[in-house]
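Next up is one chain by itself, shown in structure tokens, the form predicted alone.
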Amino acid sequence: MSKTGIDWKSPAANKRLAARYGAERRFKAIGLAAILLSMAFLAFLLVSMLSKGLGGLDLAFLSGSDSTEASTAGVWGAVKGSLLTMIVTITLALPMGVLAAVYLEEFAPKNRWVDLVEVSINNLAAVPSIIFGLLGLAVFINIFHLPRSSPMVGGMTLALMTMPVIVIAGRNAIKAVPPSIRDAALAVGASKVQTVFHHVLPLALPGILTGAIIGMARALGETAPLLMIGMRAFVSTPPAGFTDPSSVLPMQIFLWSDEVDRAFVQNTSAAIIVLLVFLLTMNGVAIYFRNKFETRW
């Protein structure tokens, strides 16, 4: 008999322990099955794409642009368009998202208006992406008359979609910094701004970059917002700058998959491989910088 009054050697206690251990084993089995199922789908996707598209990956395909002939069509124009679009997106979304997260978490007063802003940001993160495409069409093209089908407009539209994700992740990362860090900085005479930017923000940077990685990965694979601003146009030359007409990799894949000519099947699979490599490279660079600037306390 233990101090708690429970006889752990009794049949009833042994039965309860056996039930707990059985539930734990079942949970582990379900988790392992979920992982294996996800990996099986990923392996099927990779094997399918590699078997169909690996033969189409050559220098002509990687350095060419879109064409009506499958044998001469290339992916470089779409790759360059995606790169320019992502540059605009991260340049706008990351600083604005981080500053918004810092203000809401550290400086904003607690009132109903701030609560309304917080609820609005959480709702924006769940809004369908095509709504942001309609917003970009209405604001950037119809009101400001920016160039249609350009990486600038595409990046600005995707920045609107990505920023709520960065704000939410940034606020959670800032909130996770122990209050003792703030108290210690204030105790030695640091101002509120110095405390936030010299102590809190560096410690929250890994979590903020994680949110940025998630947002950028989502933006890189989007097609619906870019459809609305005209980036599905046939562009036979790579864009020379941010205001030139261009396509992006997901849109190029969508257009080739809709072609009647079956010869474009290989081009579609090859473009998917290029998109996956592009995504893995971008995430790898972001993870490298996240680990490089990570500070432990």
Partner chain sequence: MSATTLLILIGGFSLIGWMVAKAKAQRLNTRRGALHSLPGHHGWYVALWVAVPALIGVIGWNAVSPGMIHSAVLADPAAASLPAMDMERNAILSEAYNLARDPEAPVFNPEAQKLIQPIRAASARFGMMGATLAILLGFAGGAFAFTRITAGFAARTRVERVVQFALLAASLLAILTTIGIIGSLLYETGLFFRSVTPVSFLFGLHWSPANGSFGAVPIFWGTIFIGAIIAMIVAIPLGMMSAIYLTQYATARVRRWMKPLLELLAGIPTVVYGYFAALTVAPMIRDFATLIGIQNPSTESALAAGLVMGVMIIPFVSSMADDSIAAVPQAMRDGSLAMGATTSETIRKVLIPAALPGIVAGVMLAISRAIGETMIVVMAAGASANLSANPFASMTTVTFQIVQLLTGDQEFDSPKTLSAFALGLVLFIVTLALNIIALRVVKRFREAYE
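This structure is a prediction, so every number in the text was calculated from the model and none was measured. Positions refer to the first chain, counted from 1. Between two forms, the rigid core is the largest collection of C-alphas that superpose within 1.5 Å.
This protein has a second form, the form predicted in complex with the partner chain, left out of what is shown; the following refers to that one.
Of the heavy atoms in Tyr288, none are within 4.5 Å of the partner chain in the predicted complex. In the predicted complex, none of the heavy atoms of Thr237 sits within 4.5 Å of a heavy atom of the partner chain. Although the partner is absent here, Ser269 sits close enough that one of its heavy atoms falls within 4.5 Å of the partner chain in the predicted complex. Within 4.5 Å of any heavy atom of the partner chain in the predicted complex lies no heavy atom of Leu203.
This chain lacks the partner; the member of Ile213, Ile168, Leu160, Val88 within 4.5 angstroms of the partner chain in the predicted complex by a non-hydrogen atom is Leu160.
Relative to the partner chain in the predicted complex, residues Ala60, Pro147 and Ile174 are all farther than 4.5 Å at every heavy atom. Comment: 126 to 134 is the region of 71 to 79, 174 to 182, 204 to 212, 126 to 134 lying near the partner chain in the predicted complex, near meaning a non-hydrogen atom within 4.5 Å. Residues of 13 to 35 that come within 4.5 Å of the partner chain in the predicted complex, judged by any heavy atom, are Arg20, Tyr21, Ala23, Glu24, Phe27, Lys28, Ile30, Gly31, Leu32, Ala34, Ile35 in sequence order. Relative to the superposed rigid core, the position of the CA of Val47 differs between this form and the one not shown by 2 Å or more. Annotation for Ile35: C-alpha shift of 2 angstroms or more between this form and the one not shown, rigid core superposed.
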